[in-house]
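So this first bit is one chain, no partners, the form predicted on its own, shown in structure tokens.
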């Protein structure tokens, strides 16, 4: 069965994922380490559908969680606490309390204040929390400003020159055990240089700490590796891994990475139906589809590019159109002045590379129920999340 059959069976909008592509992407990263000690912590924020997370767990991945909800999803999908790294810039008291009680592999510390709070809760529980410090190396990821996280102007982590003093403080605390250093400079990074420089900076920090008697167990190099949404050049994932190993080998420390987009992004498409085509003299031609910013936020958030293709092309020359959704917001547009083959009402379109930050960012604005997700594997497909009903959407209200 093809995409047309899936759309006919479950309706549109809907997300479709290719499990075999996810397997291949994971194997590329894993094999590139060539035996060097490592752990691939899948970043659940990219796509936390249970079937996707279970697939990555079965492949041997560990987990990276940015919220307590993601921690719970990871454990429900089979990850042990000592396979989970918990990060996030603003951890609540309840999240810290639970993370400490679970005994996670590491809680990535974002600030001196958070260090204090984790220590207090660990002491109160009579335990020792494993922690890593997120350092900010002031390196420009050269990606979109809204997804850059490694500059001094960003809210994430602590300046790397402040890190040694904080590691000394962590080593003195009764409730803390420093086990790693963490660096993550942004997302959708398409050149190797900033990633390599960030790795070298955190390795140098680890060497300096070792000289002071603070021995770390792992270096968490974060994620952020970009994919080619528009067909342009990106970093080869195997080259990325080899660069990290080259930078780290002399330290002997285990490498942790947190890939998300590069594992699942290209494996997903969003199927959507054309519901209207309109053009008036002297004005643009609009192709209106039944998916909008409720199903894919990235274009509205930061003008992200996604390829859009008719599932069954019609004859005729491509022409410039705006592909827009049904939401009553001017930002609800997937493409502007995009060359698209002729389409008519009822045609099925595929929006490419939505496996990451598609369904994960979906929302129910205008009371639009969440769309279904489908997994294709070895030629067979199954629904992994059915379409939400309006009654389910309203079920928490009085």
Ligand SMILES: Cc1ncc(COP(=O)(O)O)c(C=O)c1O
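Numbering follows the first chain given and starts at 1. The model shown is predicted, which means the values in this text are computed figures rather than measured ones.
Separately, the form predicted together with this ligand exists; it is not shown, and the next lines address it.
Inset, instruction - Report the residue, out of 338, 62, 352, 45, that has at least one non-hydrogen atom within 4.5 angstroms of this ligand in the model of the complex. - result: Flagged contact: 45.
Legend entry - Listed residue (225, 132, 287, 269) with a non-hydrogen atom within 4.5 angstroms of this ligand in the model of the complex: Spelling it out, the residue with a heavy atom inside the cut-off is 225.
Legend entry - Every residue of 66, 187 and 261 near this ligand in the model of the complex, heavy atom within 4.5 Å: So, yes: the whole triplet contacts this ligand.
Inset, instruction - With this ligand left out here, work out from 324-332, 307-315, 251-259, 97-105 which stretch has heavy atoms within 4.5 Å of it in the model of the complex. - result: Single hit among the candidates: 251-259.
Legend entry - 4.5 angstroms heavy atom contact with this ligand in the model of the complex for residue 357: Looking in the model of the complex, residue contacts with this ligand include residue 357, since a heavy atom lies within 4.5 Å.
Legend entry - Any non-hydrogen atom of residue 87 within 4.5 angstroms of this ligand in the model of the complex: It does: once this ligand is placed as it appears in the model of the complex, residue 87 has a heavy atom within 4.5 Å of it.
Legend entry - 4.5 angstroms heavy atom contact with this ligand in the model of the complex for residue 91: Residue 91: no, not in contact with this ligand in the model of the complex.
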